[in-house]
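There is one chain below, alone, in structure tokens, taken in the form predicted on its own.
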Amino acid sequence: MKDVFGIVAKRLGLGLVTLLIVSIIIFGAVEMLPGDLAQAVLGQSATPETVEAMRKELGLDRPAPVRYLDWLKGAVTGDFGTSLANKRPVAEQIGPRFANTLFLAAYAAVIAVPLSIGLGIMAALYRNSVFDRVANVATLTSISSPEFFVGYILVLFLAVLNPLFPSISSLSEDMTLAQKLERTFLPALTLVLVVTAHMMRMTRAAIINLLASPYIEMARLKGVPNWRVITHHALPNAWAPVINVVALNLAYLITGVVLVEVVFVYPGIGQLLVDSVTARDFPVVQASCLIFASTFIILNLLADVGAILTNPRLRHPK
């Protein structure tokens, strides 16, 4: 057990170091953008005195390392500063948007995870059959198609030619859960089609890779049915790679929804990020990028911990 805690603590430490490096990259990338931020906010007609006053208000007259440390200290406490576009606290804008993104990601995950694992088990169970070949072709097609293309195809067939679902996913606080599920079905289906293919193929590959193991051959020689060999012998030992790929795809569902949210005008943090980039609202851009990076790193850490707990060889590497 001490080995497990030591490995998990080491992963957590590496995650914090990674997040620190990512925060430096985010802040540095904004700093290296061409032009003067104060001039961009005020416009070309601003006087030099007004620009200088704005620079002091934004803290641009201080050294970059000092501003980075202040920004990082505020981010740790949940204070991301004030929006340049509407003078509201950044955290106040990001909170509801991030909740909407989590709702969309959870909606897609509830459908995609059991579906992909089930399809992966079926494809491994009926390897080289018609079902396996059709599933491989369908998943390769889904993986090869960009998210925005899949989204527009779904809008065409399910919202324009056959008006079953709304093409614009506008949400309000007074909506019921059923109404929200209906409004967000098309963006959720887009994400499901994109991530299911990857998880299904990895589940299939992990199970097939174990089917050549000696204990699998022994189970077959004892007359165990093929489906039982996969579900009771191969699948438990395939959980480590499956958990890894599921966690990575869950991270994608949260951090990779920018294009999907833009296509369906979904009020999530991805749409907010795009709008803030257009408006040059850099405090919101920095906060959104840091939240995306934190979410991705946390889910990767959970994937590592899950793999360690389900695989004895990772708990006892010697």
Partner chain sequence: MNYFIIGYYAMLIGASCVAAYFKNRQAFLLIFTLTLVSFVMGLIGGESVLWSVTVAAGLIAASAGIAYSFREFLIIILPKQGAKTMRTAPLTASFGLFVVIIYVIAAVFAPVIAPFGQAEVVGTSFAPPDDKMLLGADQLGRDMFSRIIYGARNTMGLSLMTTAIAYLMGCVLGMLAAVRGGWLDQFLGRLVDVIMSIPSLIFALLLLSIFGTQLYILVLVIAFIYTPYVFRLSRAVAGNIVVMDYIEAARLRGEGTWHLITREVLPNAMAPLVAEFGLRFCFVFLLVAGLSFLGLGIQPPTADWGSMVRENATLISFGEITPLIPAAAIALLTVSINFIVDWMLYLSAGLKD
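Positions refer to the first chain, counted from 1. For clarity, every value in this text was computed on a predicted model and none was experimentally measured.
One more form of this protein, predicted in complex with the partner chain, exists but is not displayed; see below.
**Student:** Has each of Phe5, Ala91 and Tyr266 got a heavy atom lying within 4.5 angstroms of the partner chain in the predicted complex?
**Tutor:** Result no, not one residue of the spot touches the partner chain.
**Student:** Examine Asn249 and determine whether its closest non-hydrogen atom to the partner chain in the predicted complex is within 4.5 angstroms.
**Tutor:** Outside the cut-off, so no.
**Student:** Answer for Ile21 alone: is it within 4.5 Å of the partner chain in the predicted complex, judged on heavy atom distances?
**Tutor:** Taking the distances in the predicted complex, the answer for Ile21 is yes, it comes within 4.5 Å of the partner chain.
**Student:** In the predicted complex, is there a heavy atom of the partner chain that lies within 4.5 Å of any heavy atom of Phe185, even though the partner is absent here?
**Tutor:** Contact check for Phe185: no, nothing within 4.5 Å of the partner chain in the predicted complex.
**Student:** Is Phe165 near the partner chain? Define near as a heavy atom within 4.5 Å, in the predicted complex.
**Tutor:** Answer no; every heavy atom of Phe165 is more than 4.5 Å from the partner chain in the predicted complex.
**Student:** Of Ser145, Asn209, Asn244, Thr82, which residue is found within 4.5 angstroms of the partner chain in the predicted complex when only non-hydrogen atoms are counted?
**Tutor:** It is Ser145.
**Student:** Quick check on this chain: which one of Ala53, Ala46, Ala293, Leu60 has a heavy atom within 4.5 Å of the partner chain in the predicted complex?
**Tutor:** Looking at Ala53, Ala46, Ala293, Leu60 one by one, just Ala293 meets the 4.5 Å heavy-atom criterion.
**Student:** Based on heavy atom distances of 4.5 Å or less, which listed stretch (177-185, 147-155, 74-82, 107-115) is in contact with the partner chain in the predicted complex?
**Tutor:** That would be stretch 147-155.
**Student:** Going through 235-268 from first to last, which residues have a non-hydrogen atom within 4.5 Å of the partner chain in the predicted complex?
**Tutor:** Those in contact are Thr255, Val258, Leu259, Val262, Val263.
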